[in-house]
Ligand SMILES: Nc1ncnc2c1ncn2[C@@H]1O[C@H](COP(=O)(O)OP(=O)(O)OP(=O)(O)O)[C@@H](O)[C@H]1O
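First, one chain by itself: the form predicted alone, in structure tokens.
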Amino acid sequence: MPTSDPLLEVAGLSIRIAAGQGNLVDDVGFAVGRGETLCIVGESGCGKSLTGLSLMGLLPTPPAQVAGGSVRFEGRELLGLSQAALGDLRGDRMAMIFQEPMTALNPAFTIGDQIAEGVERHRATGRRAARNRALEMLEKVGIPAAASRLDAYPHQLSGGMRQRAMIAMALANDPQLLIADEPTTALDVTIQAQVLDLIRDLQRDTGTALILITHDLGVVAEVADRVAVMYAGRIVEEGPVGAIFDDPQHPYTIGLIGSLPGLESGRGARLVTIPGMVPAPEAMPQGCRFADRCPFAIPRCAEAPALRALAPGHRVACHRAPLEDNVAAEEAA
């Protein structure tokens, strides 16, 4: 865990979509310290975005519902708060950058109006001051000719500029926590790098804590302080970014990192893949959810492994961890 006084504490968070199905997010817990960057990584459908939406109180309910757990922000329990109370936090102390700005931005209002609205909502300020703040934020996120873009509509901006406008809106009130859900997925590589640099620069200037939700391990290696690896709705490994990349302990984490193309791979070399499929929500196994795809599975994997500490700040949910020591011992025997 990052600090004795974390900004955000999540414990036992579970989310389901329909009665009778397994939890799509199951017993998830982590903490984020002030100014820290936590990356939540995993393949599509593992529950990353559901987790992020639940922290903001934005789960579509119904059909989704929080089945249990606790989310404490600045010591205050968020689960069970009224929508009015959550509305006071969203866009102020907490903010979110969504994956696709074209669907997150309102097509009927100008960019300037949408940023200024959040400033007026959370800061006792007039329209002129809010519009000035909107212009300041557009300039800060590097939108060219920012003054002329204030009255532009979302469809009049490029994908990169829309994403920058989303960042400007999220950071306009200097939030303490920023959740970014795949903020660079729809952008080309050059714009991706610019957006990531922008988020890191603004985070460094404001001291904002960042939860970055992504499936891109290259991005994780570049920006993370700590990493939480999710598989089929559960966190299977969590630790400092150096430990996750240099000494991964869960077979799924090892598989993810092993699937990255390396400099040593020759032309025509095949990438390593993880065989099998993620279990369906209605058929989640009772034990380790990765067992049927795991090359190290043993009979005990029929029991769900607890997320336990291997080293300070490094936790893993695997019966055989530390993996290298246990496999070597079995081979010697």
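What you see is a predicted model; the values in this text were computed from it and never measured. Numbers follow the displayed sequence, beginning with 1.
Just so you know, the form predicted together with the named molecule exists too; it's not on screen, but the next bit is about it.
Contact with the named molecule, judged by heavy atoms within 4.5 Å in the predicted bound form, is confined among 302-310, 65-73, 44-52, 288-296 to 44-52. Scanning K140, H215, R123, R131 against the named molecule in the predicted bound form with a 4.5 Å heavy atom cut-off leaves one residue, H215.
The partner is absent here, but in the predicted bound form a heavy atom of L24, alone among L24, A317, L323, V10, sits within 4.5 Å of the named molecule. Although the partner is absent here, G276 is not a contact residue: none of its heavy atoms lies within 4.5 angstroms of the named molecule in the predicted bound form.
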